[in-house]
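A lone chain, given as structure tokens: the form predicted alone.
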Amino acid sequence: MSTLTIPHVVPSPQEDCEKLHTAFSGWGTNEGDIIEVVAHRTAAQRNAIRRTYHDIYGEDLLKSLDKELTQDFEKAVLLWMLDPIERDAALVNGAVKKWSPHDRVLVEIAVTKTANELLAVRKAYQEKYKKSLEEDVAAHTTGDFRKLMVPLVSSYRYEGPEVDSGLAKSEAHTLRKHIKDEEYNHEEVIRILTTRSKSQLMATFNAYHEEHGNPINKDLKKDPKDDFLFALRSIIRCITCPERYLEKVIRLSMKNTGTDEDALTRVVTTRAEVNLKEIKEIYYKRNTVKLEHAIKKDTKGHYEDFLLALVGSDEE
């Protein structure tokens, strides 16, 4: 469920644009008014604001925000103001351009989206960057990661609930064989994980556990520092319970000295209208600290205010 709070009476796009334009005028910027508007509007309402702002003032609202805001607050607001599909395309492009085996953005977006959502991201990517997502991923990755990531971002998984129990047992056996032989990059492992429906994979993972005594992710932890194994585990976690996976991303972003603002911003802005409420609940059960309290401790200034507006408060 969404954590977004929308006013009972929503101002018109023209009224919101006038308030934003006033916030940009004069000496200094009224960041509070910007947050009051953009952090409490749905994606459709934000898109209407962007169109209306251009119609009234002849300016791109994103460029105006870029000129007025700075640092992590700027990054978070600009990411939030993008249409969700446009945002995913931008996140994927950023991940591809600075590709690292440690990066998990491609896995998050490719696996947590529905087949139609991922297809829409691929279309938006091609329209904006004049290249296909597949060719950029292939050009920037190498070796086993290229073998895994290209089919992962290219997949159009079946979304139905149907499950073939015999196939689940057979492919659980196939996965077990290659994992036992440490053939983690085997084409059959990659084929199963990147093409089967999520319902079918859940049945396969359950069959694996029942037949072989361990959850599949436990058998993929032979070397916890191996980035390829971590990518495989991330794919499986995003399939079995994306909310738990994303809770861990948030938790780790604030765990050590210094905050990983990019990871924190990414999860909050991409999930606030989707399932951030469930992620918050898991975070509290796991850490006995409310997510909003953790954000207050690890962030500051207008960036903190903006994230808290998106995350919401259970005390309200």
Partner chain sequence: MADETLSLKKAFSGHGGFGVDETTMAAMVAKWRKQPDQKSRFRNDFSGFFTNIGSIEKCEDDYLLRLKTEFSRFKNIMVLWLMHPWERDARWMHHVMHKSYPFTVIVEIACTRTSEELLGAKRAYQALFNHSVEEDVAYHIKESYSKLLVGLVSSFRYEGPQVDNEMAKWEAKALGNAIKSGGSGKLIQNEEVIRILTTRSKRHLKATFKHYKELHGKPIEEDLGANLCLQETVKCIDKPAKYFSEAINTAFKEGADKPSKLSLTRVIISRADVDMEEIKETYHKQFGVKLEDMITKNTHGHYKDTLLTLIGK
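Numbering follows the first chain given and starts at 1. Predicted, not measured: the structure shown is a model, and the values here were computed from it.
The same protein also has a form predicted together with the partner chain, omitted here; what follows describes it.
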> Ok, 134, 86, 219, 103: which has a heavy atom sitting within 4.5 Å of the partner chain in the predicted complex?
Replying inline: 134
> From the list 244, 180, 98, 191, which entry has a heavy atom within 4.5 Å of the partner chain in the predicted complex?
Replying inline: 191
>> Which is the contacting stretch out of 196-204, 78-86, 219-227, 105-113, given heavy atoms within 4.5 Å of the partner chain in the predicted complex?
In response: 196-204
>> Quick one: 126, 138 and 158 and the partner chain in the predicted complex, is every residue within 4.5 Å by at least one heavy atom?
In response: yes
> Is there a non-hydrogen atom of residue 210 within 4.5 angstroms of a non-hydrogen atom of the partner chain in the predicted complex?
Replying inline: no
> So, in the predicted complex, is residue 122 in contact with the partner chain at a 4.5 angstroms heavy atom limit?
Replying inline: yes
> Could you tell me if residue 94 has a non-hydrogen atom within 4.5 Å of the partner chain in the predicted complex?
Replying inline: no
>> Taking any heavy atom pair closer than or equal to 4.5 Å as contact, tell me whether residue 143 reaches the partner chain in the predicted complex.
In response: yes
> What are the residues of 160-194, in order along the chain, with a heavy atom within 4.5 Å of the partner chain in the predicted complex?
Replying inline: 162, 167, 171, 187, 188, 191
